[in-house]
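Take a look at this single chain, the form predicted alone, given in structure tokens.
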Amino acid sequence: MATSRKLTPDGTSDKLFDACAAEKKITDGLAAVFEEAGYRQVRTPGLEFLSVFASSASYFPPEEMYKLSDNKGRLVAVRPDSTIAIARLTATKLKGAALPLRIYYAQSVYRRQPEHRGRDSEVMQMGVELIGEAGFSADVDMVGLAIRSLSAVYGGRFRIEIGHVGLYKKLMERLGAGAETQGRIYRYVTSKNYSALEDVLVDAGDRETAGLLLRLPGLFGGAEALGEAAALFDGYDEDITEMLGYLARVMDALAARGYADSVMIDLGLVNQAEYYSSLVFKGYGESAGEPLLSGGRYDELFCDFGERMPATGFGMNIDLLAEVHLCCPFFHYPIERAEKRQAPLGGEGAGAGAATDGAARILGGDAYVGGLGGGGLENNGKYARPLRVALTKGRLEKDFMALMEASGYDMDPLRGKGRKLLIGIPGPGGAEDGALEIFLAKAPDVVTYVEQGVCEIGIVGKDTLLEHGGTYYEILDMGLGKCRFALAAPSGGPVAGGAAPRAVASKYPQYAGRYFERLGLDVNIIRIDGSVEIAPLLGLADSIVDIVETGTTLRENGLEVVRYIRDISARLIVNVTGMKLRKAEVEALASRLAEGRG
């Protein structure tokens, strides 16, 4: 008890002088942008009745909310979301007010986060809600306001990606999965945990729809992404064809306003809050591993409060913006000079423009230390450091070096690294183009480095991805480290004879648990970090789930493979922001490796 008196709860932290000053500068700058656009500020209580967020739509899973009871024993929640709270406020305090309503807010939200994932449970947000105005123009205006907002307070390059949540909802309707399965699919899609998504869709009855769901994350970019999607969905569903046409119109309208270089398409975009109904968008910045901004249209939300009103809006992560501001020297320019910095990717819209000479000097060369791992820009528009790769130690390290050499890279610097932790690798043939920075890590840490954005790329086994999940893109099966997940048991024992396992030992308890859950079996999963083969010999378990290459170790310990579950190999994963902002470099590396693999 005495020790905890000096600590803050997990997911929270104290904000000291510089952090508070950065937050004030950002919130003042955003308030000026919002008020100039006609928005007025409100604030909702930090505590709301749980029923506000626990509607039939299940916008936020109960396990993500902090819950307690009031002095009458009624359940209340610490505010997990501002938009829902403002919808309640509008349907009560502002009932009958003239529409449209333009509202902005600046307040914290609180959501439980997985332990030791480096994410905050308390996040300061600032955003806008346009209530009572529907249609194409309102959607374009809202994305335009998002661009102007980031231009005002963010000193680096950024992109707004837009998508249509209707694509995902239509695919789920066609898939026809049960409510529990739909919930898991939704969680995996929103977190971009595509390894787990692939796992849950493996037994889907509608294979065409399952395949399309798995293709969605790869459909992002410019006009070419819409063209690829149009071909992919041709003849599948007329509603989806109309959605793609609507996105094309939005892109054209934003381009006409000078925002062409600041906006891209992402058809795999499904924002976390399930209340979104059509157009959704997110904002990514070069020095932030997570989205800076998230929003979209939510025309059905007010039905939960007895009203029917169209609405759209977005929220910005002020803590993340302040963190980037403090970490990156080029963010030290005053907010009021934001319009002079290079903000959107070359865009000519409001707030966009060429970097000043002073900014170019700060951004270039050794003066930039990399901030949150996003990599700074030199004055020619290139990134100040190469792509950074987290590579799994051990056998995969050796196989990767051989593949890189087959792809034209000189890997001697990595072989002779000595005590160096970060090793520079020149591009193919010694060229500057295609150069990399590589460091070695344990497999689970590779996922963490990529997810947090300090590395753009990770090389890791599929077994690790299936076990640990995470938020990233998985873009290439490298064909290295091939093996298989298998259920194994003592030879001649009941499980080997066809009986259902009762207790299973595994280094992969999360994956094993999902596997038996899918089979409808109630199995006790026991986590073992060492030699899992000994568990049946000691009577700890009647079987194991492990990766198997030749099966020699199993046979030497009296075990046999009962069932092969799935194939495993090394994968190339990419940070979400890194994929958006350094797409050409990432795809060039993946292409070289694919060619080297043969």
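The first residue of the shown sequence is 1; numbering continues from there. All values derive from a computational prediction rather than experimental measurement.
What comes next is about the form predicted together with a small molecule, which does not appear here.
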| query | Which of these stretches, 550-558, 565-573, 33-41, 63-71, has heavy atoms within 4.5 Å of the small molecule in the predicted complex? | reply | 550-558
| task | Let me know the one among Arg249, Arg395, Lys417, Lys93 whose heavy atoms come within 4.5 Å of the small molecule in the predicted complex, would you? | result | Arg395
| remark: With the partner omitted here, the residue among Lys169, Arg88, Lys507, Arg385 that in the predicted complex has a heavy atom within 4.5 Å of the small molecule is Lys507
| Are any of the heavy atoms in Ser531 no more than 4.5 Å from a heavy atom of the small molecule in the predicted complex? | yes
| query | in the predicted complex, does Asp546 have a heavy atom within 4.5 Å of the small molecule? | reply | yes
